[in-house]
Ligand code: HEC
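Quick heads-up: it's one chain on its own, the form predicted on its own, in structure tokens.
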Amino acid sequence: MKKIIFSLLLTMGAIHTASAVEGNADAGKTKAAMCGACHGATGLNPSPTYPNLAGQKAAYIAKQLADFKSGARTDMMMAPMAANLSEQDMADLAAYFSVQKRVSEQAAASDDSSAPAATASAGSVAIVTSTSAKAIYAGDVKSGHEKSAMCASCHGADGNSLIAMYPKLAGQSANYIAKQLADFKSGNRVDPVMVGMVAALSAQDMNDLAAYFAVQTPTAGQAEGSDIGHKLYFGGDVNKGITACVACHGVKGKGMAQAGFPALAGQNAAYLKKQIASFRDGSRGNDRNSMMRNIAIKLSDNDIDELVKYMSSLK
């Protein structure tokens, strides 16, 4: 009987070992792009809201991802992030983050006198925390700056997001930003990440954040531009019934603040493409009088691609 039990235990161990998925750190690095906004590109994030993953044990990371996916561990932001991950994806991400250096290791390296000195200006941004024109905003710029820490991991400290899937907020009109935040909270605009971020925001919080980002300086667009996109932006397409974008978003893509039309110039291309596609398929519907939906539904995939190339190239 003891031999039988021992054999069963050996068999079960063999099955468990065979079913374990081995992670690939190189593959995990590619997949980690979606994690970078909250956890940092290498698993280190200065924001106290999110955990550092660098140097964490791979088995622990993989288990937490699996638990977020199954619902055994709940978090309104992580649940949608883990929902589409396969077991191999989880193993790859875990393998990548587990081999990254921890904070203490990086600090030790930076204290090494033989290491080259860092450039003081590298990565620095000019952040506006007050403005003489703040009376035109419903919110307070300085208060908005203090509250914006929770936004920085996705949108950048000064509202210039370096992550393609997230929008730049710098220089966007305050009333437009405040409206989007209110729409996320009310459910008029749906996003699994933003719904959790706005849940505790008051109307004053939204106005303060909007005022802060509105007075920041947006970075210039880096896209290649498009002659086809330029033609659509300024002239539309009579045959398709497409209205010219310039009518609402302005000659230089700066938008019309008082009318509630957003600035598009220099916006991240991937974000613009996703939003136009969302208006087209109806998954986003918080546009005034269905204006964007009525236009977007007439745009082909190629139309969208060319428009995005042009709009994101505007300075």
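For the two forms, the rigid core is made up of the largest set of C-alpha atoms that agree within 1.5 Å on superposition. These figures come from a predicted structure and were not determined experimentally. All residue numbers are counted from 1 along the displayed sequence.
Form predicted in complex with the named molecule: not shown, discussed below.
Contact between M292 and the named molecule in the predicted bound form is found at the 4.5 Å heavy atom cutoff. Residue contact check for Y137: none of its heavy atoms lie within 4.5 Å of the named molecule in the predicted bound form. Although the partner is absent from this view, E87 stays clear of the named molecule in the predicted bound form, with no non-hydrogen atom inside 4.5 angstroms.
Remark: L65 counts among the residues lining the named molecule in the predicted bound form, judged by a heavy atom distance of 4.5 Å or less. Of the residues given (D227, D75, E224, E146), D75 alone sits with a heavy atom within 4.5 Å of the named molecule in the predicted bound form. When you look in the predicted bound form, the only residue of A265, M256, L44, A27 with a non-hydrogen atom within 4.5 Å of the named molecule is M256.
Contacts between 164 to 183 and the named molecule, taken as any heavy atom within 4.5 Å in the predicted bound form, involve M165, Y166, P167, L169, Q172, Y176, I177, K179, Q180, L181. Core-superposed comparison between this form and the one not shown: the CA of T217 stays below a 2 Å shift.
When two forms of a protein are overlaid on their rigid core, residues whose CA moves 2 Å or more are considered shifted, and S86 is one of them between this form and the one not shown. Comparing the forms between this form and the one not shown, the C-alpha position of P262 differs by less than 2 angstroms, with the core used for superposition.
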